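First, one chain by itself in structure tokens, the form predicted alone.
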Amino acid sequence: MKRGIVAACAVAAALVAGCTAQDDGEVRIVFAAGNDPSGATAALVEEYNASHEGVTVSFQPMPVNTDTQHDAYVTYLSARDATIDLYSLDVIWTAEFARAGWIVPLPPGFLAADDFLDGPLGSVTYEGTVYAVPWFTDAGVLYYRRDLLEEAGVPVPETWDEIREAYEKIAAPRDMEGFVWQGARYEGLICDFLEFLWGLGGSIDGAVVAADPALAEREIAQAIELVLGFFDDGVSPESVLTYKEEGSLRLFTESHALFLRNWPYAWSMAEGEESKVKGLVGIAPLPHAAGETGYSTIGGWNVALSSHSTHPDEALEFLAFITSERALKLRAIEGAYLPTRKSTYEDPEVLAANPHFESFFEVFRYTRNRPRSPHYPQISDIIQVNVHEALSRQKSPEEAASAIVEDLAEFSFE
């Protein structure tokens, strides 16, 4: 048995042991989500319980590792266990869980679509049906050395050519890396590669691949060639092929790189006491090719109702509460969680606590989701393997692109 499955079974067993029903007439709801070290989620649960007599909600913190959390959920739901009522799901899991029948469609009108950012909103549907509510979001961001660009009189790059020019003018003479990102073979590579592809005007959506496989192959190969060009020109070190978020961030906060692609959480690290670039960093949308639009890959988490819940009405009431504007505001202030509701980015108290949210809102205007499919884990693996082999020069860009398109043809997309 794989280590991740063993961990998942252990988590599931612990939940069953710790959350069994009691015959005291109290309705007990369990909300499972990733651990929240800020305490904001626990505080909201406590507040809810205090104002809802006869209902007790328990917050069940889940493992930090996303894969372990996914495996625990799958183990739990496939056993049709009713212990957990509400699940916080990674944005890439909606189709998989909905198709399996593990989560139920939300009642009509439960979610007010106009209140939410477009990217997160697109992640909660499967085959046109809404299965979850966006809870907090994430998206790829360009971090840059504001001080060095200002000193050189160089504007913040909007295109990949401008990234290259800034590297040659600023970073190369200082023996700094130009642009670092996440290139190891894992899910982060998918996020980064899609941003390169989208920024060139390409797509890997199922409909595009099915309608014109030859075009899809050319676009994928072009994105691979773009990155190989970064390596050849020194803009990015080939060592990025071993980097995950922490490795690339460390290089940037040690003042060894001019540009960094990372997630919003990296801001607090760049501004931390141990960072050598504290107070010197700016935030911008990701670059793109001239004449195209840059897009960031959406990350983040949604909340869905288990199809096995024995108290769906009470669970839905709490779901509405934990995803409400007030709850998102508290989590933004106390935990710096990026809200999914548009209005929260205009709240004076939220912006006072997190002035950088205003810059993130600009990034979130142009976001896209990874391929939405119940077969996403297999799709992700196909892209990871072939892109990484091409970037490490084990395959040509054309060979990798052809393999991706051929293999993706076997799977269904939304």
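One rule holds for the numbers: they count along the sequence shown, beginning at 1. Predicted model, so just to flag it, every value in this text is computed and none were measured.
Not pictured, yet referred to below: the form predicted in complex with a small molecule.
Open item on the list: Can you tell me if residue 301 lies within 4.5 angstroms of the small molecule in the model of the complex, counting non-hydrogen atoms only?
Closed with: Yes - in the model of the complex, heavy atoms of residue 301 and the small molecule come within 4.5 Å of each other.
Task: Heavy atom of residue 187 within 4.5 Å of the small molecule in the model of the complex - done: It does: once the small molecule is placed as it appears in the model of the complex, residue 187 has a heavy atom within 4.5 Å of it.
- [ ] Examine residue 194 and determine whether its closest non-hydrogen atom to the small molecule in the model of the complex is within 4.5 angstroms.
- [x] It does not: once the small molecule is placed as it appears in the model of the complex, residue 194 has no heavy atom within 4.5 Å of it.
Task: residue 92 within 4.5 Å of the small molecule in the model of the complex, heavy atoms - done: Because a heavy atom of residue 92 falls inside 4.5 Å of the small molecule in the model of the complex, the answer is yes.
Task: Three-residue site 222, 238 and 395 fully in contact with the small molecule in the model of the complex at 4.5 Å by heavy atom - done: Spot residues vs the small molecule: no contact at all.
TODO: Answer with one of 56, 66, 369, 354: the residue that has a non-hydrogen atom within 4.5 Å of the small molecule in the model of the complex.
DONE: Here the answer is residue option 66.
TODO: Would you kindly say which of 314, 217, 334, 245 lies with a heavy atom within 4.5 Å of the small molecule in the model of the complex?
DONE: Filtering the options by heavy-atom distance leaves 245.
TODO: With the small molecule left out here, work out from 316-324, 293-301, 222-230, 150-158 which stretch has heavy atoms within 4.5 Å of it in the model of the complex.
DONE: So the stretch in question is 293-301.
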